[in-house]
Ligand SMILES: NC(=O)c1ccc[n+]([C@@H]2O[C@H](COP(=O)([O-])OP(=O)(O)OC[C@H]3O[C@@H](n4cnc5c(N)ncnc54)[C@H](O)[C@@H]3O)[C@@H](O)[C@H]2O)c1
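Listed next as structure tokens is one chain, alone, in the form predicted alone.
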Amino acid sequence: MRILITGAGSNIGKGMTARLRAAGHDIVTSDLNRLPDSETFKNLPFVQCDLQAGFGLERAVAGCDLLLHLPAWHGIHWGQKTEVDYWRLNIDGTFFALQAAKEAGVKRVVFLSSTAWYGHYDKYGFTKRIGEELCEYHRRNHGMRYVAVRPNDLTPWGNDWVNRYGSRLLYGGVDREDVLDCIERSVAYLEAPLAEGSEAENVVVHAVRHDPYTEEQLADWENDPQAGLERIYPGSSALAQKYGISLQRKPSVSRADEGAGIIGFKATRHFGVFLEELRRIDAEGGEATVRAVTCSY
């Protein structure tokens, strides 16, 4: 397919450009600013677009089969961006992108939403709720099929791999690669043609981790977190103590939803996977090597 990626220079945009390109898709990139000179974007067509005003979108989406729409101000921008900023990019930008897709005859859309959708009366969640409604409007009125992907707490973790990444996997965080997997599966799902006479469908997928433990296994966690950890991950208590992994709060439990089943997505990275990697790095290089691990994105 020929795919337009709006916000191609973003964290998710870079990852999806590389993945979809490797999968053999014909990629068109767009962003407000020129993209970095890297292998990810080498020899790819680029159309500079200002989504907040809709400029450039018609040229970018011409001839495309699918729109992957990523741009937004997120929760991490809360203190720097105003309600007006959120509205202009997250709502106006989404509307203009969908309208341009409609005019170009594009009938397939993957929209990057967020579990902030549930906090729909804060300035971020509100815009994601409206963004999904815009997708639904274009489905009902213009026959667009779409998948809305809702990641939860996808945050670059800087140079604190143990707690900003590892511990976060106990408390709602999701691995970036799982989010990329979910978006890639969404694209693949929409690549399949609709059955003749079928109505354009909408799918909502929560891009969250799939935890291997249950609520019952977390009973009395707050009274003895180390014992709780040992109950679920035998032999890991000493490692957690060595690296000061934050365990005081009771972990959350995340599970795949119906939408994930529809598109064939299941997250494969969770706290247990992190512990295995931590144990391996610790055994091979010691604490200094562990502390030197930095975020790749």
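Worth saying up front: this structure is predicted, and the values here are computed from it rather than measured. Just count from 1 along the sequence shown to find any residue number.
Here the subject shifts to the form predicted in complex with the ligand, a form of this protein not shown in this document.
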Non-hydrogen atom within 4.5 Å of the ligand in the predicted bound form for each of D31, P71 and L154: yes
In the predicted bound form, segment of 44 to 52, 225 to 233, 58 to 66, 250 to 258 with a heavy atom within 4.5 Å of the ligand: 44 to 52
Partner proximity in the predicted bound form: A97 to the ligand, non-hydrogen atom cutoff 4.5 Å: no
Proximity of H120 to the ligand in the predicted bound form, heavy atoms at 4.5 Å: no
Close approach of I12 to the ligand in the predicted bound form, 4.5 Å, heavy atom: yes
S113 within 4.5 Å of the ligand in the predicted bound form, heavy atoms: yes
Residue (of L134, L218, A104, L89) lying close to the ligand in the predicted bound form, criterion heavy atoms within 4.5 Å: L89
